[in-house]
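First, one chain by itself: the form predicted alone, in structure tokens.
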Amino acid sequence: MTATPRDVDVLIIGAGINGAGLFRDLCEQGLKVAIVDKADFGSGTSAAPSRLIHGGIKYLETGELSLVAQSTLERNLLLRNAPHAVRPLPTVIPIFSWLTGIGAALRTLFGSTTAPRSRGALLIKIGLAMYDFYGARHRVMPRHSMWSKARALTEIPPLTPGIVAAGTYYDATVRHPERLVLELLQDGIRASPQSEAFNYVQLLGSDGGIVRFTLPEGGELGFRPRIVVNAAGPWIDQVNAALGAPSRLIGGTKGSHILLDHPDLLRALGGRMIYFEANDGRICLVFDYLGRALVGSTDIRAADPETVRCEDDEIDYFLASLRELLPGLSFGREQIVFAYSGIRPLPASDGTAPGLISRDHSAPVMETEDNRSWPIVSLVGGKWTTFRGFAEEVSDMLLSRLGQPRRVSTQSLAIGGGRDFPADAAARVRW
């Protein structure tokens, strides 16, 4: 059965973190919004991150200073607005030399396509100082410090004695990313009860005016939007094609992770993340995630989000990297309890090394045409950390197109369970 099409201000296709963040922002402005997803809310790429809410310290060496500035701000805001879900994460960077990497870092900064393979103490000290500077707005965590080799080996005894020093700083982690996506949707409907969210609906296509979907129980669902937002992540180009507007916007890369049952490793970490340089220069990480050691991540070109998986060679890479970093511990496949992988919806850029593709975001617009009565705004790129800022930018653009003023800023707006959450540890105990 085909239902009467629903008139909406904005139809968002894709209910991952970017779609959900935009849904909440637009609902707070009093718009009538519909958001749909072909699977469960937050179940695609948004469910497969490194679980980090971070400022992107590695983006300093690619010169994406504005991205670092926005990311550190958004990290700090999430620690305030979603303290039930986002927590500080003390981080250690093992350092293997004093002066290497400066020349290579400068070449990368000025456009080289080869990332530096070694980052010495001086380079890391400069980077951490810059990170503190960019993270000053709404600061909620301590500044960086440096450890001597002796201090580092005392704090983390299994660490390789090949280090010369270590840097320490704070980022953050999101424990249940899917929950945060759901809370954004719930907050949106709370602010705009006329708005709706649908999952497990399949896009049929469009006649240029009405966008139609099939419902999981049968029948059809139709919308007559003023604007369509394509927030389908790595599926953006497929969705645009189904809407009659073919595009080539996405050139994704795969990020894989493994989870280890390794109590000795967790004891050595002591609640910290080790953010380390593997033998090939790739930045990897390991930290305690819900009682398991989360290890990641790779950065490999991949195109099909439906078939992406963590491959055997990636697992071998992780285990070999851990053995080199922590020779005082043993690592084997029998310790792996879970492996997962997702595709980052990065902008198409065939000639760039995967690790150097920008993690910044953009929202290109395909304007109305004779056979399509609404523009399509595609949400390309972005990071988990910056979803609120990205949503705010796109929301301001859409509000301008619709002739509506912004009524509510989301900068200090609590998310879900962060509303009325106790502000300090003592208050949480009393709560």
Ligand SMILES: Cc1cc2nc3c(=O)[nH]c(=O)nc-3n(C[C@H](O)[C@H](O)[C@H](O)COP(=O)(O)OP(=O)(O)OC[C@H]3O[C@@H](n4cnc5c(N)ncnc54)[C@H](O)[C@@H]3O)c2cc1C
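Quick note: we count residues from 1 along the sequence shown, nothing fancier. All values reported here derive from a predicted model rather than from experimental measurement.
The following text describes the form predicted together with the ligand, which does not appear among the structures shown.
- Only one listed stretch (395-403, 365-373, 41-49, 24-32) carries heavy atoms within 4.5 Å of the ligand in the predicted complex, and that stretch is 41-49.
- The listed set Gly188, Gly251, Gly127, Gly255 contains one residue whose heavy atoms approach the ligand in the predicted complex to within 4.5 Å, identified as Gly255.
- Only one of Pro225, Gly233, Gly135, Gly167 comes within 4.5 Å of the ligand in the predicted complex through a heavy atom, and that residue is Gly233.
- In the predicted complex, the ligand sits within 4.5 Å of a heavy atom of Ile13.
- In the predicted complex, at least one heavy atom of Gly342 sits within 4.5 Å of the ligand.
- Taking the partner from elsewhere, Arg388 is found to have every heavy atom lying beyond 4.5 Å of the ligand in the predicted complex.
- At the 4.5 Å threshold, heavy atoms of Ile93 stay clear of the ligand in the predicted complex, well away from it.
- Contacts of stretch 193-227 with the ligand in the predicted complex, defined by any heavy atom lying within 4.5 Å, are made by Leu203 alone.
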